[in-house]
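Encoded as structure tokens, the following chain is the form predicted alone, with no partner shown.
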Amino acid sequence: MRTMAELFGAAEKGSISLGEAALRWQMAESRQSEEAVKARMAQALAVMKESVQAGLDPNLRSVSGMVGGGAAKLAHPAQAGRFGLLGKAAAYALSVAESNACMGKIVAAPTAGSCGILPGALLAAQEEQGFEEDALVMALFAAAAVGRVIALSATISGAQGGCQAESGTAAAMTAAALVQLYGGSPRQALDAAGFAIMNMMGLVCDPVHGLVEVPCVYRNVGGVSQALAAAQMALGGLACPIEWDALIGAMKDVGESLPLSLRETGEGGCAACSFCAP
């Protein structure tokens, strides 16, 4: 399954979810049993949970001192509770991203720089709604399928395509996963992914001092917000007005059009601004 259309076709043909279609593909590709393939994904989920908790340490600081401790502030009940699911997802997304910046163990989803978006949304949803572990595992398969298509058709590298390729892809993966988690159809899941790609199109990669810290960790919060909004639109019955694979093609073209100063070189965008130490 190399395109969104092929992914959708596989799900429709079998009358199954995107996650189930991805699971079956992975079983055939790896020649492993369903139990073995799901166990590997469950392990990734366990690491995601660990990284959320590790990043909530208020004393956490990166070697540069630029980031750390922010997630603990967002996760405070007075803050996280103010915006419901979004508040908790934002805190968790920042937590994983800060854990990564502080050399913690994370799951690249699809990259280290965008690692907080997917776990932030799914784990917050689980706490809010009580979803079972297996439901999250299957949502991760849906996310992986979307991420694979984008990686094959465009890029997930900030150095090649800007942050739209990293945080944008992560938001698309997360939006699709959320729709599956909340009982949406395969078409709605891919519409959600499409909305996320559309809304994050053109986002540049401009790390301060060349480190995956500023603005990277904060873009994980922005990305999880976009993912939730995209999932809400799709679950609400809004259809993505642009064909899914065409959006990925446009994302690729936009990324290739970005000047080198906006592709992880640390020369433009936020990287060219004065940094204000916290």
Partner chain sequence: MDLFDIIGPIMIGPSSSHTAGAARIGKITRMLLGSQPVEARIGLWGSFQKTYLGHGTDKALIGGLLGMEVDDIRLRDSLSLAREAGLAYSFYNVRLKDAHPNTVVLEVADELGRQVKVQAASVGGGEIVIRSIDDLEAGFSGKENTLVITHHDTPGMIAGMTREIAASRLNIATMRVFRQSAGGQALVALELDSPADPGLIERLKALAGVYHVAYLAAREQGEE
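These numbers come from a predicted model, not from an experiment. Residue numbers count along the first chain shown, from 1.
There is another form of the same protein, the form predicted in complex with the partner chain; it is not shown, and what comes next is about it.
S.K.: Can you confirm whether Q32, V37 and A109, the three residues that make up this candidate site, all sit within 4.5 Å of the partner chain in the predicted complex, judged by heavy atoms?
M.R.: Checking in the predicted complex: Q32, V37 and A109 are all within 4.5 Å of the partner chain.
S.K.: Decide whether Q26 counts as a contact residue for the partner chain in the predicted complex under a heavy atom distance cut-off of 4.5 Å.
M.R.: Yes - in the predicted complex, heavy atoms of Q26 and the partner chain come within 4.5 Å of each other.
S.K.: Could you tell me if R82 has a non-hydrogen atom within 4.5 Å of the partner chain in the predicted complex?
M.R.: No, R82 stays farther than 4.5 Å from the partner chain in the predicted complex.
S.K.: Considering only heavy atoms, tell me if Q43 and the partner chain come within 4.5 Å of each other in the predicted complex.
M.R.: Yes, Q43 lies within 4.5 Å of the partner chain in the predicted complex.
S.K.: Residue-level question: is L152 within 4.5 Å of the partner chain in the predicted complex, judged on heavy atoms?
M.R.: Looking in the predicted complex, residue contacts with the partner chain include L152, since a heavy atom lies within 4.5 Å.
S.K.: Looking at L203, A144, A91, L123, which is the one with a non-hydrogen atom within 4.5 Å of the partner chain in the predicted complex?
M.R.: Contact with the partner chain in the predicted complex is made by A144 alone.
S.K.: So which of I242, L211, L238, A250 reaches within 4.5 angstroms of the partner chain in the predicted complex, heavy atom to heavy atom?
M.R.: None of the other options qualify; the answer is L211.
S.K.: In the predicted complex, which of 124-132, 109-117, 183-191, 72-80 comes within 4.5 Å of the partner chain (heavy atoms)?
M.R.: Result of the contact check: 109-117.
S.K.: In the predicted complex, which residues of 73-106 put a heavy atom within 4.5 Å of the partner chain?
M.R.: Heavy-atom contacts within 4.5 Å come from N100, A101, C102, M103, G104, K105, I106.
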